[in-house]
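Below you'll find only one chain, the form predicted alone, shown as structure tokens.
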Amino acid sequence: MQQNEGLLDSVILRKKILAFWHNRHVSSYQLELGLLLTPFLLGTAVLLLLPMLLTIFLAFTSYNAFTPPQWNGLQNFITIFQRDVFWIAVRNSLVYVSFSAPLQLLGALLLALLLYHQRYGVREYRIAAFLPSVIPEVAYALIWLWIFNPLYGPLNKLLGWVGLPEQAWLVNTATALPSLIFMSCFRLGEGMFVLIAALQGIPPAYFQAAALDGGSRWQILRHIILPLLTPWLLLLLLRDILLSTQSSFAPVYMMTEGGPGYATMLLPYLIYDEAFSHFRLGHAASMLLVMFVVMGILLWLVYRLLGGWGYTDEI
């Protein structure tokens, strides 16, 4: 009896020792993860959180970068809401995002459906489709500035060869903003690779079952591929909305400067112009805060209208 009790005690002691070392290992692993995340968290605090808090503060002050900021409450918002150029920039920005983000997503989806199969030469096509996404924004804008040139640009030359009228793309108020939207549609390589990875993760048994049931390509796309890609499509759409707003500054700055006649005046460029051309940093901060709020509402509306992430247990 005493021998059995001693054996039981030794087993319990061994379990306690193993649990102690396991907990110690887990805690040390968590500590290592925390240390690895520390530079990222510090960078996020310095580069994102502090500027965000400073922007919120400056939005309620009168500040011109030469004198200390003076608190003026909601006066900045009252002033910018009374300016016509602000509402023009809001309208142009909404139009730009409303067309640019869905077109980028549609292009990425079409390329992913075309190039996700492994076959000869598909790697080169993927690289070619991805190249515009890695070109720096300034260089990308300069390339399209040459393409849209009304005198010697290749786009007008191509139109002339096929007998169509040439256009003053960036000079005409009717074509300036559509031109910027058109050039943004070619930066879809990242979304294409995300969707290719998602397509390759779909079990082949789904396609085999659909083929046995006589499903056409359109039915497979509609009832299998698109439902399974819904979370990825929504994620990319929200991402493209944010990136379209952010990446619209460089083309406007390099190509049109908001013209002609405010036709391409977008909020990011107007904020830059207010802050660094007129030194109305309080007005610029209030515009930036309004843009954040509008973008948040737009993202929430898109999420709600599309019914969430689309996760479901059934196809």
Partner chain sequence: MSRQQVLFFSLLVAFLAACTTIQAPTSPVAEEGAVFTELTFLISGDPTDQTAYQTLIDAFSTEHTDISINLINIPSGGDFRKRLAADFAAGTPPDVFLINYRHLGHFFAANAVEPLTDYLAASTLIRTDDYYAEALTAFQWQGKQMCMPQNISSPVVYYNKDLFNAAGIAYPSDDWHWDEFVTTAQALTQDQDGDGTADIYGLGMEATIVRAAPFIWMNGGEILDDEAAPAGLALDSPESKAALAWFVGLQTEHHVVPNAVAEEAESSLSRFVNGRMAMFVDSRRAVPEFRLIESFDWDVAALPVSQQRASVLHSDAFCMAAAGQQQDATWAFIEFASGVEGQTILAQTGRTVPSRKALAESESFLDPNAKPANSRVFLDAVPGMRHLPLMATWSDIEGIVSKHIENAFYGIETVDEAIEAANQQSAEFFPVP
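Since we're looking at a predicted model, the values are computed, not measured. Positions refer to the first chain, counted from 1.
Heads up, the form predicted in complex with its partner chain isn't pictured, but that's what we're talking about next.
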In the predicted complex, the one of Pro102, Pro227, Pro150, Gly160 near its partner chain [non-hydrogen atom within 4.5 angstroms]: Pro150
Answer option from His223, Arg123, Arg83, Arg91, heavy atom within 4.5 Å of its partner chain in the predicted complex: Arg83
Candidate site Leu48, Tyr206 and Asp213: all three near its partner chain in the predicted complex by heavy atom within 4.5 Å: no
Candidate stretches 109-117, 233-241, 168-176, 91-99 - the one whose heavy atoms come within 4.5 Å of its partner chain in the predicted complex: 168-176
Non-hydrogen atom contact Asn64 with its partner chain in the predicted complex at 4.5 angstroms: yes
4.5 Å heavy atom contact, Ile196 to its partner chain in the predicted complex: no
Interface membership of Tyr29, its partner chain in the predicted complex, 4.5 Å heavy atom rule: yes
Proximity of Ser277 to its partner chain in the predicted complex, heavy atoms at 4.5 Å: yes
Neighbours of its partner chain in the predicted complex among 34-55 [non-hydrogen atom within 4.5 angstroms]: Leu35, Leu36
